[in-house]
Structure formats: C-alpha cells, structure tokens
Ligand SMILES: NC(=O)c1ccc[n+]([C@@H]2O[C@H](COP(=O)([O-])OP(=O)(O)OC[C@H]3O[C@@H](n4cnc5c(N)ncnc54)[C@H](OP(=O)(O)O)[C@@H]3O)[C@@H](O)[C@H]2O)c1
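Just one chain is shown here, as structure tokens, and it is the form predicted alone.
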Amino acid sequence: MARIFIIGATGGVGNRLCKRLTQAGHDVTGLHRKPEQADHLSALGVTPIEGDIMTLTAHDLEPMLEAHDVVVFSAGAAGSGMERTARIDGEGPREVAEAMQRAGVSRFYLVSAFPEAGRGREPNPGFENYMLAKKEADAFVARSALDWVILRPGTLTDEEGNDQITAGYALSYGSVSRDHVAQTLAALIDMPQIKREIIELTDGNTRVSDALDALRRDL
C-alpha cells in the first residue's frame, strides 16, 4: 500500500478520492485549510494536516511530503478571484513539484483542465487567467524529473459515477463526474507504469480499468 498526500483533500474530487484510497487500505494524508475540516478527514481515515496552499512555499511543504510515496494535487481556486487562481492553480503545483524533488518523492498526479474548456463563449478575463494558470502549471510539471501524470477532466459534474469513462491523449470535449475523476486517479495510483503522460477524461462507455489498461498497453 502507498503513502499518499492529497492537496485539495476536502474538495469535490479530493474528498471522493480520500474515501476510495482509505477503503483500499492506503495510508492517506490530507491537507486542509479550515480547522473544522480536520474531524471530517479523520472520520474518513485520513491524517489531517492544516495548511493553506495560498501561503505554503516549497520550503514549507517539503517536511510535510517527506515519507510519502505519492502526491495528488486536486486543489483549485473555484472562481474565487484572479489572484487566488494564479496562486492556487498556477503557482501551487510548482511549489509542490519543487518540494517533492527536495523531499525525494517522485510520483505526482496533477488534476488540470481540458484546453478546450469554455470555448465558444464570450471571453472572460477571469476564465482566461484560470486557463493560463493551469497551462503554466502543466508545463512546469511536465518539464520536471518527477514521475508525473497530468489528468485533464472535462466539465465536472456531481452525477453519480457508473464506472463508464473515456480516457485518452486527445479527446473531444465533454463532461465528467467527480466520482469518475476520483476513481480514475485511484486506478492510476495503482498503475505506476503509466507515468509522464497527459490524459484527458470524460464520461464514456468503457470501464475505468479497461480504459487505463488500454493506455498502459500503448506505452
């Protein structure tokens, strides 16, 4: 079983991922911002660590990440302003990647965004800032020496998952349930052979295990 550190553990994807990983027997640590969130994480079997990615630097994160095998970054500013978006979605993954290299942790799973997200709508400065932050974070992580996987889900929904997805290196845009994102991340963590790949994800008609097996065979 792996020792996994989740940044964004209390979010829509992160909370679902925590449940899956602890139920599978993994040792999970979750970063949380509000003190009252610690009890919720503890109830899931997650070791809570309080901290705010808005202010945490690579120096701060390094001792938190030591002794872990895997780091998952699923945090996001969720439309809370351009400054927070630039810091959380853009600079946050870079600080984490640098901390991982210092701490000797190699496996990094970054939840990003489809490049086609929001196209066809009137340009919005806040959304363009979000997409730029995501791309810059992706580019930084992809240049690193880490064993990274960048997962780019489509429009996130709260629909209950049914183990039916489409996963690939280049997909037509679509939506995907947060359940499926969490399920896919959990499956990827159990497939360390898939690394240094950017994978796009939507709801579909293929079982998660079969979709990822197909990607693994392509490597």
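Note that the coordinates shown come from a computational prediction; the quantities given were computed from them, not determined experimentally. Note that residue numbering follows the sequence shown and begins at 1.
Just so it is clear, the following notes concern the form predicted in complex with the ligand, a form of the same protein that is not shown.
Of T202, T206, T10, T22, which one comes within 4.5 Å of the ligand in the model of the complex, counting heavy atoms only? After the contact test, the surviving option is T10.
Looking at I88, A99, V141, V149 here, can you tell me which has any non-hydrogen atom within 4.5 angstroms of the ligand in the model of the complex? The residue from I88, A99, V141, V149 that makes the contact is I88.
Interface stretch in the model of the complex with the ligand - options 190-198, 162-170, 53-61, 22-30, non-hydrogen atom within 4.5 Å: The contacting stretch here is 53-61.
Are any of the heavy atoms in A133 no more than 4.5 Å from a heavy atom of the ligand in the model of the complex? Although the ligand is absent here, A133 would stay clear of it in the model of the complex, with no heavy atoms inside 4.5 Å.
My question is simply whether G76 lines the interface with the ligand in the model of the complex - judged by any non-hydrogen atom within 4.5 Å. G76: contacts the ligand in the model of the complex.
Against the ligand in the model of the complex, would L44 count as a contact residue? Criterion: heavy atoms within 4.5 Å. Close contact is absent here: in the model of the complex, L44 is far from the ligand, nothing within 4.5 Å, heavy atoms only.
Looking in the model of the complex, any heavy atom of V111 within 4.5 Å of the ligand? Contact check for V111: yes, within 4.5 Å of the ligand in the model of the complex.
What residues of 157-181, in sequence order, lie within 4.5 Å of the ligand in the model of the complex by heavy atom? Stretch hits: a single one, R178.
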